[in-house]
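Just one chain follows, in the form predicted on its own, and it is written as structure tokens.
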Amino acid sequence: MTWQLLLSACVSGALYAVIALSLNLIYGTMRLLDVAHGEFVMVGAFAGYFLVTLLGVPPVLALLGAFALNGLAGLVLYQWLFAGIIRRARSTESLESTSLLVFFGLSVILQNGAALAFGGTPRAYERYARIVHVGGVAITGNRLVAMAACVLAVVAVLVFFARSTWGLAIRALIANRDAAAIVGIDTQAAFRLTCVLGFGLAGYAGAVIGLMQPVSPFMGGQYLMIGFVIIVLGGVGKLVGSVVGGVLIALLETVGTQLTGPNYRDILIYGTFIAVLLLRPQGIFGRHAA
């Protein structure tokens, strides 16, 4: 494996880790099956694109703008939609099935709404296009900035959940919601914060994608599926597992397609997905139920 391939895998792995972290937060904490997550990534990509091209915001600040806009949307959706779904659910199974239908509807609305508003033609802007040489390996500046932005986001999220009071509270909710409520954790406040972080990170990842490639209303599907594959690989609710799974999938994608050809990319990824479900359904970092 050449250093060029390894660097390319690092860029993809960092991006995939952010997407998987955000998706794992939403499902692990609230048990909401967010099948519209790819569309929220797309919304963040368009937010970053318009912040840069229309308002002249520097691309790095546009990443934070996309995070803030998506995080606000997540908070509004929780207050007006998700809170009622969670409150009325009689079991985890009914919550998952109801949220699946709701998010499917949101996916259709967001994708078609974006297509009507912006058209189906991909849009792109050029920033940091200069070639940078790192130890003899060439990489465009925008990909280097994208990798750095994703690594910083992943580190910030992991530190938040390891050191802060609210981060520990959310981890307790992921581990056992009933026990967390018994010891006095404000579950509603934790859910609101989770929505801000989860949907905000999705928007952040979308804006990062906009740094490297064109954005379109139909870009979300591939990132949704990769996010679910990584969650299964790393373990539901396992935040470190999302990071490790993202890197592993990126290595498999980069090296595997180099060895076999680009037409085998989906076969490699979804073949791995099926193999993990069969051999270790709880994921790398998950545990068997007692």
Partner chain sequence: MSRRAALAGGAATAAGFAARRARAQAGAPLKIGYGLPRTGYLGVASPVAEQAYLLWGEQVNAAGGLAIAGGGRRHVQFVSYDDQSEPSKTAEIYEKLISDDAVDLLLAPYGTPFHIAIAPVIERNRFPVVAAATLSSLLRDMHMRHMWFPQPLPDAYGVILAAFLAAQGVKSASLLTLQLPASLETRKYLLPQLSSRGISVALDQDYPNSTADMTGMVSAVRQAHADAVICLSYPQDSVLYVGTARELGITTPVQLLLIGPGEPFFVKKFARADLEGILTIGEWTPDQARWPRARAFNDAYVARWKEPPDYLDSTVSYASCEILAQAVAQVGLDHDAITAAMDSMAFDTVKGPIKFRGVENISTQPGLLQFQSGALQIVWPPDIATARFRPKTGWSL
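Positions refer to the first chain, counted from 1. Source: prediction; values computed, not measured.
Omitted here: the form predicted together with its partner chain. The next part is about that form.
*Asks:* Exactly one residue in A138, V155, V76, I109 has a non-hydrogen atom within 4.5 Å of its partner chain in the predicted bound form; which is it?
*Replies:* Selected option: A138.
*Asks:* So which of L72, L81, A124, L101 gets a non-hydrogen atom within 4.5 Å of its partner chain in the predicted bound form?
*Replies:* That would be A124.
*Asks:* Could you tell me if R130 has a non-hydrogen atom within 4.5 Å of its partner chain in the predicted bound form?
*Replies:* Contact check for R130: yes, within 4.5 Å of its partner chain in the predicted bound form.
*Asks:* With the partner left out here, check for me: in the predicted bound form, does some heavy atom of P214 sit within 4.5 Å of its partner chain?
*Replies:* Contact check for P214: yes, within 4.5 Å of its partner chain in the predicted bound form.
*Asks:* Quick one: is N142 in contact with its partner chain in the predicted bound form, heavy atoms, 4.5 Å cut-off?
*Replies:* N142: contacts its partner chain in the predicted bound form.
*Asks:* Please check if R31 has a heavy atom lying within 4.5 Å of any heavy atom of its partner chain in the predicted bound form.
*Replies:* Contact check for R31: no, nothing within 4.5 Å of its partner chain in the predicted bound form.
*Asks:* So if I measure heavy atom distances to its partner chain in the predicted bound form, which of the stretches 110-118, 145-153, 93-101, 198-206 falls within 4.5 Å?
*Replies:* Only one stretch passes the 4.5 Å heavy-atom test: 110-118.
*Asks:* Relative to its partner chain in the predicted bound form, which residues of 241-275 have a heavy atom no more than 4.5 Å away?
*Replies:* Those in contact are E253, T254, Q258, P262, N263, R265, D266.
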